[in-house]
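One chain is shown next in structure tokens, namely the form predicted on its own.
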């Protein structure tokens, strides 16, 4: 059975005191309380070491929100996978829709980042999903298929537990809109099928697929119970611990 993942993506939010409050309160979930769920925090880079220090004695993971595919060099503002690894962090988000929209992230560069992360046994949470125009034009499956194949073809994955896909219908991120149960189920099943074509059915079954479009306490249980949904990548609801806690409890 695949472990669920509830991952909070803080984006560019929270001051240090607010961030530390959430981290400290998350300690109410020791490993034995969530045998089938992993908690992750994708934090601003400035908070990564603070988060790692706070959660070091817990089972929770700390991710950065982006990473470079370069090993080192004159790349001001970038963070290498070796820096992430050496700092005791557990991985990174890759190609979140906002990185694609505002920072020219594409499937090819995303694939390079994923390979670098997996090569050093870090978690890569690869974000995919269609815009509203593509959904209206019934192009969503082709968009998602291209995002998967262009990024994930051509390299060997050793540990499929560390490759995580986050399906984010872009039109549902931060808008309060949520895809229907039928839409989520259909797309997650489609993603699993495409992963099977890339890596074989047995390996595809090990890859967690998260839903990442305005999940909140009111809808979390219904979404998490959908077949092939292995948890959520949570944005706004991860900024208030009580809301985040409710979503975590929905995963049990």
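On a predicted model such as this, the values are computed, not experimentally measured, just so you know. Positions refer to the first chain, counted from 1.
Below, we refer to the form predicted in complex with ligand 13P, which is not included among the displayed structures.
S.K.: Which pick from 68, 26, 214, 37 sits with a heavy atom within 4.5 Å of ligand 13P in the predicted complex?
M.R.: Contact residue from the list: 214.
S.K.: Name the stretch: of 153-161, 135-143, 92-100, 110-118, exactly one has residues whose heavy atoms fall within 4.5 Å of ligand 13P in the predicted complex.
M.R.: Every other range fails; the passing one is 92-100.
S.K.: Might residue 122 be said to contact ligand 13P in the predicted complex, defining contact as any heavy atom within 4.5 Å?
M.R.: No, no contact at 4.5 Å.
S.K.: Can any non-hydrogen atom of residue 240 be found within 4.5 angstroms of ligand 13P in the predicted complex?
M.R.: Close contact is absent here: in the predicted complex, residue 240 is far from ligand 13P, nothing within 4.5 Å, heavy atoms only.
S.K.: Contact with ligand 13P in the predicted complex for residue 179, defined as at least one heavy atom pair within 4.5 Å: yes or no?
M.R.: Contact check for residue 179: no, nothing within 4.5 Å of ligand 13P in the predicted complex.
S.K.: Report whether the minimum heavy atom distance between residue 79 and ligand 13P in the predicted complex is within 4.5 Å.
M.R.: Residue 79: no, not in contact with ligand 13P in the predicted complex.
S.K.: So which residues in 214-235, when you check ligand 13P in the predicted complex, have a heavy atom no farther than 4.5 Å from it?
M.R.: 214, 215, 233, 234, 235, in sequence order.
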